[in-house]
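Next up is one chain by itself, shown in structure tokens, the form predicted on its own.
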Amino acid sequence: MKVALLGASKGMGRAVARVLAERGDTLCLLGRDRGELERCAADLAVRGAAGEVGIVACDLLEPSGFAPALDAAVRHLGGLDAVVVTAGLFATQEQLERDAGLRARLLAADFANTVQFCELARERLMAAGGGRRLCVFSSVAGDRARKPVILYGAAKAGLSHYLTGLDHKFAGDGLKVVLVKPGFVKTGMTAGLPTPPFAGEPEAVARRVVRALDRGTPVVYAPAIWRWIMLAIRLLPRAVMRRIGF
């Protein structure tokens, strides 16, 4: 499979890229830190990625660079079977309430700019023919508004809603949209935060995501138990949510 990945130089993006490399997929990495991209590409080559692992500069906070970056990835790969988007920002609710600049960057990166990137990726995937895949990481935080993640959750809720609509509209045209809703995963993004029950390990989560990518599964929770946790949370009455601090 020829795969372009935005955000593969760290965290879950790197874990997914390693699983793809180990089975011999052809990869092109998009990201903003060239040094990290080069180190990640060398690691993926050792793990078995087919051909030369491409690297292309692309900053999620600079939408003007999205189209040239995607075109460069298509040229490097010699086609395009899938685009995987794991890039995004995270900050605590308290940090976002204090810092207006950080708040603006997070809302742009996690919703508006990701949607802009996905629209350009969709155009290129559909031009390549049916059966192509767009796999995007949202979050369980978007499933229900909660006090600890009001702003981050709102951005992810909007992203999940967009991807669901994209699947509804273009499934008949052969585009397979995979909406990933990770729960808490032990990555650099969550370093320093209290580890809750059912926290996932990056490799196990990545393997579950790649299976969903292969099958074209519309929605995947990872680890799987988060599907049932979020079902219970969505059903909680508002009064209970207030009482227990959610």
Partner chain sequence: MEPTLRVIHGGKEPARELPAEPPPSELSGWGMYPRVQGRQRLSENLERITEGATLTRGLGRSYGDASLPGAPGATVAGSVLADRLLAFDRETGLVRAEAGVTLMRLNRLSLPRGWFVPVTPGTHWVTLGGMVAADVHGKNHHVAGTFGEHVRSLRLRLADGRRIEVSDEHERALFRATLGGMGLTGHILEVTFQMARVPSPWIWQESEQVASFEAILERLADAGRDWPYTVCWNDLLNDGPGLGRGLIVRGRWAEPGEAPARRPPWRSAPTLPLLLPSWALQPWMVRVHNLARYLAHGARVRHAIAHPETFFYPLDVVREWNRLYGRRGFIQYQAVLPGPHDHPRHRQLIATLRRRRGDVYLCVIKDCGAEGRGLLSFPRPGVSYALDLPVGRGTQSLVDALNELVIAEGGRIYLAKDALTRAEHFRAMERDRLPAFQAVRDTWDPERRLKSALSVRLFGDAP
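Numbering follows the first chain given and starts at 1. No experiment lies behind these values; they were computed from the predicted model shown.
Omitted here: the form predicted together with its partner chain. The next part is about that form.
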**OP:** Answer yes if any heavy atom of residue 63 is within 4.5 Å of a heavy atom of its partner chain in the model of the complex; otherwise answer no.
**Re:** no
Original post:
Does its partner chain get within 4.5 angstroms of any non-hydrogen atom of residue 54 in the model of the complex?
Top reply: yes
Original post:
residue 26: heavy atom within 4.5 Å of its partner chain in the model of the complex?
Top reply: no
**OP:** Report yes if any heavy atom of residue 35 sits within 4.5 Å of a heavy atom of its partner chain in the model of the complex; otherwise report no.
**Re:** yes
**OP:** Give a yes or no on whether every one of 82, 86 and 223 sits within 4.5 angstroms of its partner chain in the model of the complex by heavy atom.
**Re:** no
Original post:
Is any part of 1-39 within 4.5 angstroms of its partner chain in the model of the complex by a non-hydrogen atom, and which residues would that be?
Top reply: 9, 10, 11, 14, 18, 22, 32, 33, 34, 35, 36, 38, 39
